[in-house]
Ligand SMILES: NC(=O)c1ccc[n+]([C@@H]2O[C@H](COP(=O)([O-])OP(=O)(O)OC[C@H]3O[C@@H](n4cnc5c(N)ncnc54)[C@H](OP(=O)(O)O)[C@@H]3O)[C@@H](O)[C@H]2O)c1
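Let's start with one chain on its own, the form predicted on its own, as C-alpha cells.
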C-alpha cells in the first residue's frame, strides 16, 4: 500500500510546537460553577496532545453562554486554578467582531479587544492573535500597524487571520512585510473551498499554518445529515476498513492535506475528543483522498 498521507507530526507556529489537533472553545461556555468539569476537560485535551487552544472574545453568545468573553473567562478560571498548565498550552484568541456593528478592526478597537482578552484570560500575552473576520471598512495598513504594535509590546506572539479571502490575506501581508503565521478557514470533507480558492496554496508558499475550523462540518459528518449520501458511503467504507469512526476518518482527511492543517476539535465530550485523536493514526492514500473529494463535490475529476 502507498504510504499514508496523514501527517500526525507537530506543526510549528512562531517557534512553538503544537499538535495536529487543537481544542476549540466556541462551546466552552458551561456554567462558571462547574469548575471541576472545566478543569477535567482542559486537562484531558492537554493529555491528548491538543496543546493549541483556540478561543475568541465573541465566544459566549451561543451554547447558553452569557455573552462577550464568556469562553475566555472560563479558560482564565482554569488557568488561575492551574497556572502550571499555561506552559503546556499555546493560546490563540481572536478579535474584531463587535455584535451590533458587526466588524471593527480599527486600531483603537483592536487594541482594546486584545487588552480585554488578556484580562479575561488572566495572562500577560497570547501566543497567537487573529483578526476574526475582515472589516470591510478597515484599511489593511492600519490593521497591520496595530498588530505589529501589539506584538512589539509583548502582548501577542504570532499574527493570524480567520475567514479572510486570499486577496484580503495578501493585502494585510503586504503591510506586515511577512506572511501571516496562521490562517483559519472552514475546511472539511464537506467544505473543500481552501483547496480550490488558493488559501492552502498561499499558505504552503509562505509557510503559513492553516487552522481548519468545523472539520466535521458542524456535526453533520457524524450525523450523516446535510452532506451528500455518496460521501457518507465512502467515509463509512474507508472507516470500516481502518476500524475507526466516520468522524475520525473525516478528521484524517483534514490532516492529510499537504498544507498540513491543524484540525480544531470543538466537542466538549472527552470520549469524542479521544475518538478524534485516533485520526492521527489513520492510513490514507491518494486514491482514498480523491475518492472522498469526488464524493464530496459530486462530479468526477477531469
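Since we're looking at a predicted model, the values are computed, not measured. Numbering follows the first chain given and starts at 1.
Below: the form predicted in complex with the ligand, not depicted.
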{"item": "Of 198, 218, 122, 83, the one that lies within 4.5 Å of the ligand in the predicted complex (heavy atoms)", "value": "218"}
{"item": "Contacting member of 257, 267, 45, 277, with respect to the ligand in the predicted complex [4.5 Å, heavy atom]", "value": "267"}
{"item": "All of 12, 88 and 202 with a heavy atom within 4.5 Å of the ligand in the predicted complex", "value": "no"}
{"item": "Interface stretch in the predicted complex with the ligand - options 189-197, 143-151, 129-137, 168-176, non-hydrogen atom within 4.5 Å", "value": "129-137"}
{"item": "4.5 Å heavy atom contact, residue 57 and the ligand in the predicted complex", "value": "no"}
{"item": "Partner contact for residue 184 in the predicted complex: the ligand, 4.5 angstroms, heavy atom", "value": "yes"}
{"item": "Proximity of residue 103 to the ligand in the predicted complex, heavy atoms at 4.5 Å", "value": "no"}
{"item": "Contact label in the predicted complex: residue 76 to the ligand, heavy atom within 4.5 Å", "value": "no"}
{"item": "Stretch 138-177: residues contacting the ligand in the predicted complex, 4.5 Å heavy atom cut-off", "value": "162, 163"}
